[in-house]
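Have a look below at one chain only, the form predicted alone, in structure tokens format.
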């Protein structure tokens, strides 16, 4: 069942009403959450460890079957319609939001062998696009779940996450890792999820009561983000190539220990060494963070989050002035256990663990001081750790 939040219930009810008005029939509703990553940044594509959390904002899809082999979708966010032919022999992306819908249909039918029914879809999301909260994975997971339920089929959630990653990699053309669709599929209310991005083994870690996730959107996304992201991936691959000449067991930076890097890393070019040092130490921090959460040691978790941000800033060089300012502001506020940038970097959002009683003061201080420092009004999202993708009951 969908997590019982008032906002979610209101959204689902309105979506059903809007669906009746647009298509003239009743509909099922599914929801897939966005995510924030507590710790473990730029480790996923290095076969490493991550610790995401599903959040309350997400994507809702209302769906009902059609008699033909078409998918007719309407996005309330973009006020646009799109049509997909399920029998199209050579489907191609169009650089449009509908690519996420079509890509999942392609993966489900051609790669996984499902026979999909035609459907009418109505899509709404309350995730801010471009803020690093994984709106793309949320629409993919919601689409996959909706299309399968509409066709009377079920799927293992790990397999659905793999298909969503495949859709972005092979159809949409974005070289993302597994983390975002995985947490959207498998999140649990009140818990973070520690994921091994190589084996896809995971465990759920309870977030102590009395703590909120507060996401601060800097409202900036610097233009160099995509190019620098690709550069970082290439630098990590070069580090693996060089280190594997001395350490034959190394297939990814996940296989390099701190001791290995201390011994063999000094021969690397400075930039390559710094990128490797971030990933290797970040993997250690994720495992230490899991131990801290299991003991409900929020002070230890907060220290690890702070170390992660410094590493992302100095070694991986993916932070920016706005993110650093947001983290610095948060560090001065009582009731904040931890703060760091989250996502790819060069803008986007920070994640903060904040005592529930301190949240109102935190919001006031961040808005005032960030606006004073940048001239920008940040967007603040307060969330608990939410449930993963689910049907929403009427």
Ligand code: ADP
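The structure presented is a predicted model; accordingly, all values stated were derived computationally and were not measured. Residue numbers count along the first chain shown, from 1.
Form predicted in complex with adenosine-5'-diphosphate: not shown, discussed below.
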### Query
Contact between residue 139 and adenosine-5'-diphosphate in the model of the complex at 4.5 Å, heavy atoms?
yes
### Query
If you check in the model of the complex, is residue 124 within 4.5 Å of adenosine-5'-diphosphate, heavy atoms only?
yes
### Message
How about residue 135 - does it come within 4.5 Å of adenosine-5'-diphosphate in the model of the complex, if we only consider non-hydrogen atoms?
### Response
yes
#### Entry: Proximity of residue 75 to adenosine-5'-diphosphate in the model of the complex, heavy atoms at 4.5 Å
yes
## Note on the structure
Assert contact_stretch over 211 to 219, 93 to 101, 246 to 254, 268 to 276 against adenosine-5'-diphosphate in the model of the complex, heavy atom within 4.5 Å, equals 93 to 101
### Query
Just one of 284, 234, 200, 129 has a heavy atom within 4.5 angstroms of adenosine-5'-diphosphate in the model of the complex, so which one?
129
### Query
Who in 167 to 198 is close to adenosine-5'-diphosphate in the model of the complex, meaning a heavy atom within 4.5 Å?
168
